[in-house]
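Shown next as structure tokens: one chain only, the form predicted alone.
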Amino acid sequence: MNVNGLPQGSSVWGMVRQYLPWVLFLGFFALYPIVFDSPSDHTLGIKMMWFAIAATGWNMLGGFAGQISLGHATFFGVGAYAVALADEYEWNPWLAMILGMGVAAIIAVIIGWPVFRLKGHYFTIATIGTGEIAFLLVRNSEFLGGTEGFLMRSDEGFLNFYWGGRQKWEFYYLGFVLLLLAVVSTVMISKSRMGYYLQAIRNNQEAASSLGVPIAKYKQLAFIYSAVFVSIAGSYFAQQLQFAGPDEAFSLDTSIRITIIAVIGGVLSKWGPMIGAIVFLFLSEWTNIRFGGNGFDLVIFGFIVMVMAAFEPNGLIGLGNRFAHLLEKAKS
């Protein structure tokens, strides 16, 4: 122990770096609907939640395992349509969400078996293909509502997973709990054997295999985790909007948005998807107001991603780490 009562080799700055992100995360998301209390602000907050949950799920595969997927709208759509079908046939939406998680996990296993035989851009192209197949199947299925999808009519209440008040703070805090669950599980996995194996796979798959890491097994586990949480985000999205349609839930555009959010924030960090969700949401709203939508926000974010890829692959988290490193050097 040193004179300050801290373990040898530790520092106040080190403790700040360890706990400050948790304080900022819990403080920002817990206080958001109190500080920003208008109905429109609460609606933005709910969008921020499903963005962050979906990107956190994607990040386990795309960030921690280094397998870039552009087909995660499939799992988002599974979650959305699970609760939409529950409304259509008067099932319990909570049980439907859990069922959607299971279906998403099964689909991840089915898709993962062939596509994990591919590497790099071939893997990414394959995920685009599987996503487009799912989109076309749903769009042309009468049972799944075809091009029009499902307009839901949920009764209000916790058991019905729906609150229709103007403020919608119940929906927001439900999303906060789901996001917290996603973050905590990500932290637990990242510090487990699975986390170390995924890091080895991301850094050098051949070297990891030569050291006895079961590559296929842990890629598949990361894919299942990713699919489950993206499915949860889809259920949350559909219940709040009271609508599920193929163009909103299963489209390539949805996959791209989920990926961009994680990449902008930083794919090598558990905090990256949340930072990316905040930045993406508010910049998207600004571009929609300023330029009238029409997908112009994706043009801007595409440019940001290119710049990040060239100068700071770990996104805004990487920029923050660089700044913190400069501060440490200035203090020493």
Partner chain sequence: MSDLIQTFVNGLMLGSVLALVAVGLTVIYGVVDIVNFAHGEFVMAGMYATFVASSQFGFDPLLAMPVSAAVVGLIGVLSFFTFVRPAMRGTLLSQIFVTFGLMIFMRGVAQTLFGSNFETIQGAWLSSQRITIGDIVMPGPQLAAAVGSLVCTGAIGWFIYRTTTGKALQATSQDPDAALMMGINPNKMFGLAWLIGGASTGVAAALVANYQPVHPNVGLAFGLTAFVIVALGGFGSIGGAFLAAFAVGMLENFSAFYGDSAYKQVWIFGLFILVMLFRPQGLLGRA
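Values in this document were obtained by computation on a predicted structure and should not be read as measured data. Numbering follows the first chain given and starts at 1.
Absent from the display: the form predicted together with the partner chain. The rest refers to it.
Although the partner is absent here, residue 132 lies within 4.5 Å of the partner chain in the predicted bound form, judged by heavy atoms. For the chain shown alone, residue 27 is not a contact residue for the partner chain in the predicted bound form, no non-hydrogen atom being within 4.5 angstroms. Taking the partner from the other structure, the partner chain in the predicted bound form has a heavy atom within 4.5 Å of a heavy atom of residue 124. Remark: residue 260 counts among the residues lining the partner chain in the predicted bound form, judged by a heavy atom distance of 4.5 Å or less. Contact with the partner chain, judged by heavy atoms within 4.5 Å in the predicted bound form, is confined among 73-81, 245-253, 86-94, 149-157 to 245-253.
Across the proposed site, 34, 39 and 278 without exception lack any heavy atom within 4.5 Å of the partner chain in the predicted bound form. Applying a 4.5 Å heavy atom cutoff to the partner chain in the predicted bound form picks out 140 as the lone residue from 140-160.
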